[in-house]
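Take a look at this one chain, the form predicted on its own, written out in structure tokens.
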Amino acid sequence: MLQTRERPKPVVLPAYCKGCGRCVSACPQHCITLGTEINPESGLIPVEIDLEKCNGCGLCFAACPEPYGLTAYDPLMDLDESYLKFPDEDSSTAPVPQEISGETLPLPPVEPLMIKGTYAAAIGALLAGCRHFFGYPITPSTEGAELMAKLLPNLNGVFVQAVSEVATVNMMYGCGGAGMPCMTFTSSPGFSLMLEGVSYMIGAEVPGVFINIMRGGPGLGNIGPEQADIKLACRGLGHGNTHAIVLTPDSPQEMLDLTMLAFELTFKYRNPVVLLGDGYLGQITGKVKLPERMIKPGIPSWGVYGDDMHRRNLICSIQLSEPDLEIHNLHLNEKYQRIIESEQRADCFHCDDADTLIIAANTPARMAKGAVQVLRDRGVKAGLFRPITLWPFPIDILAPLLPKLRQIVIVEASNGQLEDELRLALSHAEIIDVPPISHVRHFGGVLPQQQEIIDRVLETIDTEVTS
């Protein structure tokens, strides 16, 4: 006797059902109901099905918006546990993603440019292969965005003025997830709004370059130069276990050079990179020499680019299982440790024989460098230690200098945020024997001046002599 084949009936895959209820509304037999128990893998409540009432009409399949939320079960087939699982990578018919390598192209020699810091960073981004910009105007960084808006259309690039900083960072998530170099210019309040998205990018290991031209705060503050976002960039990049390389230029030339480096590092580690300038550095004009080469980017093997080659890729920061999320955090911690060991950078000026060391970054480092030169002329063995990476703080470069020092003077436009990074790095390195640390600080857009740095150093030396 010929066996009649029944129509396939639905089976819920609990980990993929969102419990939206569309299948409940679509079912004419009323055999699908909203569930009552939370699925531990998804944190959601999947629907429940009474197959005794089901006639296999298939309307629920058409109504389900979630791939694999419902799957078809043929009663004449054996239902094993693998039937309820999402297809794994090995079962995919998509090709194995391959990296499409980028190219390094020569640039013709040109005369140096006289440009402001934000323009230099924009040009550095273009030379690093960035053709996608997302941003929202905010002084004192807007000129960089304006230059990108002028140049990118002529380079087959994309410039999007987002409706907000929150929208900006999520656009960067999508672009970086496709494996494309992307960036934004912002300033302190705008950077604060981006931090949730930065955390998502770090969790999903998505590259992107954030240029934050710091201004006075807190709150709306003013458009003067300040360095009070150091704690935000080094210790507060959104929720969770987040770190990113933080670069601190001190000239328009370094705005270009370190922006190009930022794009290299963001793809090397699949992690956002932050370039911290200050309001003055973003606006001053200086001589900038272009490099000899530029980058034509490729497509990384992991990118969700949208082509056939990369269609099996997935970018995601969601790990709802506690053990899985811990494993992911351990993976991130290993990456952070590699960064700490490999990416510490600093510039040392007259540090070899220095017994007084001034530590400063960004524009205050320019005043500090002038102070060192004056102090040297007066017979004081002063040196300037300028951290180029604030995270990781270049403690391995600083440590050999410490035994010769009589004092350290921290110069900054914030209330000890740079000094905090120094002290934390000393603690992590278990360096106990540290010379006395003093400081010169200003706030609210006021910068330390050369003479007061000199006076602070001499005051400390006179106190030592008197005592």
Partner chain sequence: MSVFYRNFERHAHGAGLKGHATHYCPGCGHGIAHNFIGEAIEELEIQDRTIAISPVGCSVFLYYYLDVGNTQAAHGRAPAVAIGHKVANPNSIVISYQGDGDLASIGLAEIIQSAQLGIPITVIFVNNAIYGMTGGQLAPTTLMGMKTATSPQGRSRMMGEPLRMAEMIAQMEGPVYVERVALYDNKQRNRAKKAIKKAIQLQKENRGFAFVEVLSECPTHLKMNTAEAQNWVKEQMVPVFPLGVKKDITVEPWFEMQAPDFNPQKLVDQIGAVSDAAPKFAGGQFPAHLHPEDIALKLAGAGGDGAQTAAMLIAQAAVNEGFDGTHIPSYGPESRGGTSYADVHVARSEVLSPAAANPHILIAFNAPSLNKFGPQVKPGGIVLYDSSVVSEPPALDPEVKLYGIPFAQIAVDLGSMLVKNIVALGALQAASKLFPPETFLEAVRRALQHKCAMIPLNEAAFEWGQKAVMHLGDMPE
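Rigid core: the largest C-alpha set superposing within 1.5 Å between the two forms. Positions refer to the first chain, counted from 1. In this text the structure is predicted, and so the values were computed from the model without any measurement.
Unshown form predicted together with its partner chain; subsequent notes refer to it.
- Interface membership of Gln98, defined by any non-hydrogen atom within 4.5 Å of its partner chain in the model of the complex, is ruled out.
- Contact check for Phe393: no non-hydrogen atom falls within 4.5 Å of its partner chain in the model of the complex.
- Using a 4.5 Å cutoff between non-hydrogen atoms, Arg456 does not count as a contact of its partner chain in the model of the complex.
- Residue contact with its partner chain in the model of the complex: Asn170 places a heavy atom within 4.5 Å of it.
- Shown here without its partner, the chain carries Ala26, Ile284 and Leu290, all of which come within 4.5 Å of its partner chain in the model of the complex through at least one heavy atom.
- Stretch 128 to 136 is the answer when you ask which of 338 to 346, 128 to 136, 184 to 192, 352 to 360 has residues with heavy atoms within 4.5 Å of its partner chain in the model of the complex.
- Contact with its partner chain in the model of the complex, judged by any heavy atom within 4.5 Å, is made by just one of Arg376, Arg235, Arg312, His331: Arg312.
- When its partner chain is considered in the model of the complex, only one residue from Gly216, Gly383, Pro140, Gly177 comes within 4.5 Å through any heavy atom, namely Gly177.
- Counting a residue when any of its non-hydrogen atoms is within 4.5 Å of its partner chain in the model of the complex, the hits in 106 to 134 run Pro106, Leu107, Pro108, Pro109, Val110, Glu111, Leu113, Met114, Ile123, Leu126, Leu127, Gly129, Arg131, His132, Phe134.
- Ile454: CA moves less than 2 Å between this form and the one not shown after rigid-core fitting.
- In the core-superposed comparison between this form and the one not shown, the C-alpha atom of Asn415 has shifted by less than 2 angstroms.
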